[in-house]
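Just one chain is shown here, as structure tokens, and it is the form predicted on its own.
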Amino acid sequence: MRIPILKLHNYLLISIQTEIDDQTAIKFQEDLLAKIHKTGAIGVVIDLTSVDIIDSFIAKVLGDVVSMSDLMGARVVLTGIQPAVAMTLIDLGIHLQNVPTALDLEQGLVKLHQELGG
């Protein structure tokens, strides 16, 4: 299964609508980085509203995606983080202190625009 990545102006929007397995997570990482490179996107919103729980591998991939996107010049905003996901990330030592968050996709777009000086 592939996670759809939508382009809106200079931003990429991703809404993860299902629990993801390791293979899907790796493919998502590859697809997102390729899309940033191809489109020159300067911002990414990853909506996790539908994700109730993540395991250690998916948590690591998520942290890596944020870092890799930043290295490629794209700022990431995470939206819709559920309590169990937040606890898992912290328990695993994946501290995303410098990553802006928002309650939902709409607020995430506003936050991204603010982060990028718009």
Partner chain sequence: MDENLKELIINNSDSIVDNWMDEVGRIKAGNYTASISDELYENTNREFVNVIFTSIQNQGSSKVVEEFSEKIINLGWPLSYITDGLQIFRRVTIDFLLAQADQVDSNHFSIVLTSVDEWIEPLIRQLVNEYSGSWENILSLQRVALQELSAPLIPVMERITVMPLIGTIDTDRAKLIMENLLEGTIKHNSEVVLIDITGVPVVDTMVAHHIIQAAEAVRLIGSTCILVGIRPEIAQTIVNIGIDLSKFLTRSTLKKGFTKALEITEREVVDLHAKNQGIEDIMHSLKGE
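What we label the rigid core is the largest C-alpha set whose atoms superpose within 1.5 Å from one form to the other. The structure displayed is predicted, hence computed values, not measured ones. Numbering follows the first chain given and starts at 1.
Note that the form predicted together with its partner chain isn't included here; everything after this is about it.
- When its partner chain is considered in the model of the complex, M68 lies well away from it, no heavy atom lying within 4.5 Å.
- In the model of the complex, at least one heavy atom of I81 sits within 4.5 Å of a heavy atom of its partner chain.
- Among heavy atoms of I90, some come within 4.5 Å of its partner chain in the model of the complex.
- Although the partner is absent here, Q17 is not a contact residue: none of its heavy atoms lies within 4.5 angstroms of its partner chain in the model of the complex.
- The two forms, fitted on the rigid core, differ between the shown form and the other one by 2 Å or more at the CA of N98.
- In the model of the complex, the Cα-Cα separation between K60 and N98 shrinks by 3 Å or more relative to the displayed conformation.
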